[in-house]
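Take a look at this single chain in structure tokens; it is the form predicted on its own.
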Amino acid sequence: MAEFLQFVFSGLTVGAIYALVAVGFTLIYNASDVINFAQGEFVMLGGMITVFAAAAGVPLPLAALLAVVVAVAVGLLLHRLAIEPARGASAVTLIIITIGASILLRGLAAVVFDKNFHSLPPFIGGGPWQIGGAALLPQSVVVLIGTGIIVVLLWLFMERTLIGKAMVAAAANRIAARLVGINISSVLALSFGLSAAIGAVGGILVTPITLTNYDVGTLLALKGFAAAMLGGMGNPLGAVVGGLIVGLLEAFGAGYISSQYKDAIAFLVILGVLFAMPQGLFGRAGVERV
């Protein structure tokens, strides 16, 4: 039982980060139909900038804020310089552009920072908590609570603000949204900025547990993409549920089978969804854009 609980704790912790990455995928996909494979680089930037800013003497909260601001700026630049000029291009072209952006950001991070692994001190001190014989790190609770707060804030933003409703309207029908005066270009830019901020916060939260370096974004993007597909591409709730499921599958696979196959779980999820349930758990099978 203790072993099972330990895998649950580990799976939920990493799954929460996958969920944030998947939510980033969902936001951009809904607003622009673009699958942004540079989403994982926002997570990397959040962790790396915080680490190096804190090492330079910047207080940790300000270092984290700086990381989020820089990630948002990068997200906006990605939209302005790479996605906006390619408006009207095919989905494959847009995916290739985001993959190229991911490679560029990874290379710049290797030059600006370094190629070593780095960590941050836990946000809550003290040893692990013993629950049912399993150890739960206080930082894992921070990750789970932080993810929950971000999801709730995002829901409130989308449902209770005019800007959020404009994003929902643009996602439902872009032409109709333009006809009622919504600036589609601004909505798309906002989706990239929001996704970058969410990814950066995820990177800051998880760095004390999993470490970070210039290259962590690629795998996070693939696992976040698997989570988004499992939940149903375009569904924020599905992204969260998909992220947690992928995290749990990964933890149980590593624990009961072999840790060597841990990273293969996400690819198996992608293949399983494509073959058996292309619309995902909460997919929008009945929605068609015209």
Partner chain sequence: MRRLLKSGHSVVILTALLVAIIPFLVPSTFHLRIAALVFIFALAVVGLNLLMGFAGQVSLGHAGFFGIGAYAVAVGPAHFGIPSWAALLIGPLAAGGLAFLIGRPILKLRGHYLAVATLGMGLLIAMVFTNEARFTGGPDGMPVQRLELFGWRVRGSQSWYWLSGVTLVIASWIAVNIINSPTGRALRAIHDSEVASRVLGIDVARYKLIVFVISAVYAAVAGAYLALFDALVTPATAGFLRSIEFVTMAVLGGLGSILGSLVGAAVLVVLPQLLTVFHDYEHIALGLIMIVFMIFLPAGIVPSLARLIMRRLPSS
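Residue numbers count along the first chain shown, from 1. Since we're looking at a predicted model, the values are computed, not measured.
The same protein also exists as the form predicted in complex with the partner chain; that form is not shown, yet it is the one meant from here on.
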Quick check on this chain: which one of Val168, Leu211, Ile96, Val142 has a heavy atom within 4.5 Å of the partner chain in the predicted complex? Ile96
Taking 4.5 Å between heavy atoms as the contact cutoff, choose which of Ala226, Leu27, Ala67, Met44 touches the partner chain in the predicted complex. Ala226
Suppose contact means a heavy atom within 4.5 Å; in the predicted complex, does that hold for all of Gly100, Leu108 and Gly280 with the partner chain? yes
Can you check whether Ala254 is within 4.5 Å of the partner chain in the predicted complex, heavy atom basis? no
Contact flag, Asn183 vs the partner chain in the predicted complex, heavy atom cut 4.5 Å: no
I'd like to know if Ala89 sits close to the partner chain in the predicted complex, meaning any non-hydrogen atom pair within 4.5 angstroms. yes
Residue-level question: is Pro236 within 4.5 Å of the partner chain in the predicted complex, judged on heavy atoms? no
Within 4.5 Å of the partner chain in the predicted complex by heavy atoms, the stretch out of 44 to 52, 245 to 253, 57 to 65, 226 to 234 is 226 to 234
Are there residues in 191 to 224 with a heavy atom within 4.5 Å of the partner chain in the predicted complex, and which are they, in order? Thr218, Leu222
